[in-house]
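One chain comes next, on its own, written out as structure tokens in the form predicted alone.
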Amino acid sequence: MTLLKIENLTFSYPQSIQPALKNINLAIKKGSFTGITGPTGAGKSTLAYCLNGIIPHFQGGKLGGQINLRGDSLFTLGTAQISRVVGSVFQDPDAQIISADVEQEVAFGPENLGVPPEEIEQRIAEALYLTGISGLRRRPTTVLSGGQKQRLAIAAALAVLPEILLLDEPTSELDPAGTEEIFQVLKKLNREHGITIIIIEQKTEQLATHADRIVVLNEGAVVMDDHPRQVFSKQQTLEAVGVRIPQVAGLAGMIGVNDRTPLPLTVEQAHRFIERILRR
């Protein structure tokens, strides 16, 4: 089932000479885990703003094409309607968190949608459990670590019960341990609970490990769209547009891969790959 269909999407900011997006065509299926990457200025965040309604509701410009969300034109839906389907998590959690404590932050969305109090209580407990921060429920938001704040931002988005979780570089301020924690949460939400994940991310190691599809943007256009193994096997193409491939894939590319030894994307796969090479 296709939840989100993007057709010939174009967008130009006011007074901008070049369009930020050029004829984007993508279909996002229910239950998928899509990673979007590309160099700085590729149009990744602009695409996210189109998907969650910031464009055109809060950001003007020249907009063309269409986005269908569950069969309805996203551009005709209000932001409250969009947020019921698309939950958004941004790069800086401090810019998103507005409440004094964790419980209030998770309750904010459902309260504004008029959800009954007893159901809000259930949603808070479930969202905190799913993101692994149930023990932080009474904690002030000001004392949370960066990773905890991003988990809270995800929990707050989940409390609205969205079908799609859209994340715009949520690990850019996190260390490797914090980054892996966030990706493990997303993996669990996707594989165990069927939530559709769309994540904009520069950290290709994590995308290669967790996403089932990689979309590469450059200068506002889609230049690659395929399974991670197929995308990251195109090392020269990715380097030309400024996308770094996972280190294990780069190592394997230097050694040489073939049909019998597919490109490894994780450390475990690289270990098995090198073992096979050594045996030969």
Ligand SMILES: Nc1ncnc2c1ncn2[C@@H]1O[C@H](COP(=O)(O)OP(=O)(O)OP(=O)(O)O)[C@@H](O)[C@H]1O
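All residue numbers are counted from 1 along the displayed sequence. Just so it is clear, the model here is predicted, and its values are computed rather than measured.
Although it is not shown, the form predicted in complex with this ligand is what the next lines describe.
So in the predicted bound form, does residue 233 come within 4.5 Å of this ligand, heavy atom to heavy atom? Residue 233: no contact with this ligand in the predicted bound form.
Using heavy atoms and a 4.5 Å limit, would one call residue 248 a contact residue for this ligand in the predicted bound form? Residue 248: no, not in contact with this ligand in the predicted bound form.
Considering non-hydrogen atoms and a 4.5 Å limit, does this ligand approach residue 35 in the predicted bound form? Residue 35: no, not in contact with this ligand in the predicted bound form.
Contact test in the predicted bound form: residue 169 vs this ligand, heavy atoms, 4.5 Å: Heavy-atom contact with this ligand at 4.5 Å: present for residue 169.
Only one of 24-32, 236-244, 221-229, 43-51 has heavy atoms within 4.5 Å of this ligand in the predicted bound form; I'd like to know which. Careful reading of the contacts points to 43-51.
Taking this ligand in the predicted bound form, would 83, 115 and 190 all count as contacting it (heavy atom within 4.5 Å)? Spot residues vs this ligand: no contact at all.
Just one of 99, 145, 202, 122 has a heavy atom within 4.5 angstroms of this ligand in the predicted bound form, so which one? By the 4.5 Å criterion, the partner-contacting residue is 202.
Just give me the residues of 1-20, first to last, that have a heavy atom within 4.5 Å of this ligand in the predicted bound form. Contacts from 1-20: 13, 20.
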